[in-house]
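A lone chain, given as structure tokens: the form predicted on its own.
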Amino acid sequence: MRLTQHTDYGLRLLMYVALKNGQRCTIREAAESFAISRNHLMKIANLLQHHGVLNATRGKGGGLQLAKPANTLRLGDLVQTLEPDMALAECLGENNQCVVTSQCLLIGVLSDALHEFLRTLNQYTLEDICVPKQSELRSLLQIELVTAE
């Protein structure tokens, strides 16, 4: 199984936003930090906002923030939100045309594998993949937190 680039970029964007510690960030900042397409991240941010994962504020001083605490955002749920098609094979999708489906045992095996994959991811949250290495990640991504004066 391989996650799409869309999901990969979405998880990176969420990590970036989480590493900002509640401070707003722009799509441009995240795109530049990861050296990825701003337009692509904009589409992903819109999807995540639509699903209640991100809050987006327009205008001067606007930007992105997590809509929920990072410790409540489970990775498996995020992958399911971002990934357009989780069917590992045709037989698990909506347009199944396989002639052996009615007698095939592979469906059950693949279904179990997908369930375990998502179950394993859901043992971890966005916080789990950011906090332990937050200073190193912030340094790599050139994230500077603004301190209140």
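Every value quoted in this text rests on a predicted model; they were computed, and no experiment measured them. Note that residue numbering follows the sequence shown and begins at 1.
Form predicted together with the DNA: not shown, discussed below.
Only one of the listed residues (S33, S111, Q49, N122) places a non-hydrogen atom within 4.5 angstroms of the DNA in the predicted complex, and that residue is Q49. For the candidate set I107, A67, L118, M42, a heavy atom within 4.5 Å of the DNA in the predicted complex is found for exactly one residue, namely M42. Using a 4.5 Å cut-off to the DNA in the predicted complex, not one of V53, T72 and S135 places a heavy atom inside that distance. In the predicted complex, the DNA lies within 4.5 Å of some heavy atom of C25. Using a 4.5 angstroms threshold between heavy atoms, P84 counts as touching the DNA in the predicted complex. Remark: T57 counts among the residues lining the DNA in the predicted complex, judged by a heavy atom distance of 4.5 Å or less. For Q142, no non-hydrogen atom is located within 4.5 Å of the DNA in the predicted complex, even though that partner is not displayed.
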